[in-house]
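First comes one chain, alone, set out as structure tokens in the form predicted on its own.
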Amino acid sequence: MATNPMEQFEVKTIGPKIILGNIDISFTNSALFMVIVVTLITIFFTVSTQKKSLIPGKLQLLAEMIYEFVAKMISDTAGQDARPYFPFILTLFLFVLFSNMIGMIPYTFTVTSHIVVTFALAIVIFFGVTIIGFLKHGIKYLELFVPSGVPKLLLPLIIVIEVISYLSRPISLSVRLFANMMAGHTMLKVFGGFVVSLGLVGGWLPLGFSVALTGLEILVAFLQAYVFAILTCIYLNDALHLHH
């Protein structure tokens, strides 16, 4: 019997239920996999940088490649002024990437397939970038909503559009990641159910689709982490350089 493809996204309590006032703060499978992700990232960089050498080993080489990749992404999109924010961007990229990749392992939980997680990340980025913008430029930061060269007649309409666009950043950033991860995992579960239902005789076609979709989903997992990080860099660039 085929299982419900949405069951994989259910948040389940692990251990005793803990209620604080009217808020449920129980430890869940989502929290468990966030802890696993942070632990794996910490172990990876600790182990890969323990024996630093001029001729790097495989783990050190991989760590250096990730470091250089994120550093170049920040430099290309936000410039040298954004270098102080490198630790945050690197951590953000790795958290999303590891969460996506771990979710590809059968019987695990995909943290980034939940809008509450992706929106929490996006709202931190939104407020952080906004605070940076006001700290650097003061009230002049509001010029971001007034594009240069716009006719005065159209200016009120353009300002409204710019403000709405700015306020929608956390929504678009979070929904993009959440929707892609949920849709991909749902499709994998559906085709996996077809394989089980049709058996050895008729299951070869959906099995082929499942294999192809798995490869595509791994690529999407990396691309979504990259897109999440690079959009953060672009928002940071707006705050630092006030391009408008």
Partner chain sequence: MKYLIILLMSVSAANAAEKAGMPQLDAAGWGPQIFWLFLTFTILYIVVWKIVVPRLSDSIEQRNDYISDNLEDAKKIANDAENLNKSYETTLANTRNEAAKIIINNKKNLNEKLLKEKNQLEAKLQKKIEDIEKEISKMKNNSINDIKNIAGVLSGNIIYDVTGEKISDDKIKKIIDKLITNQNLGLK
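Please read all numbers here as calculations on a predicted model, not as lab measurements. Positions refer to the first chain, counted from 1. Between two forms, the rigid core is defined as the largest C-alpha subset superposing within 1.5 Å.
Although not depicted, the form predicted in complex with the partner chain is the subject of the following passage.
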- Message: Since only the chain is shown here, I'm wondering whether K58 would be in contact with the partner chain in the predicted complex (any heavy atom pair within 4.5 Å).
- Response: no
- Task: Report yes if any heavy atom of T214 sits within 4.5 Å of a heavy atom of the partner chain in the predicted complex; otherwise report no.
- Result: no
- Query: Is there any non-hydrogen atom of F126 lying within 4.5 Å of the partner chain in the predicted complex?
  - Reply: no
- Is T91 close enough to touch the partner chain in the predicted complex, meaning at least one heavy atom pair within 4.5 Å? yes
- Note on the structure: Checking M101, L155, L142, A120 against the partner chain in the predicted complex, the residue with a non-hydrogen atom inside 4.5 angstroms turns out to be A120
- Query: Which one, A31, M187, I218, L205, lies within 4.5 Å of the partner chain in the predicted complex by heavy atoms?
  - Reply: A31
- Contacts with the partner chain in the predicted complex, stretch 23-40 (heavy atom within 4.5 Å): I23, D24, I25, S26, F27, T28, S30, A31, M34, V35, V38
- Task: Answer yes if the Cα of G15 shifts by 2 angstroms or more between the shown form and the other one on a rigid-core superposition, and no otherwise.
- Result: no
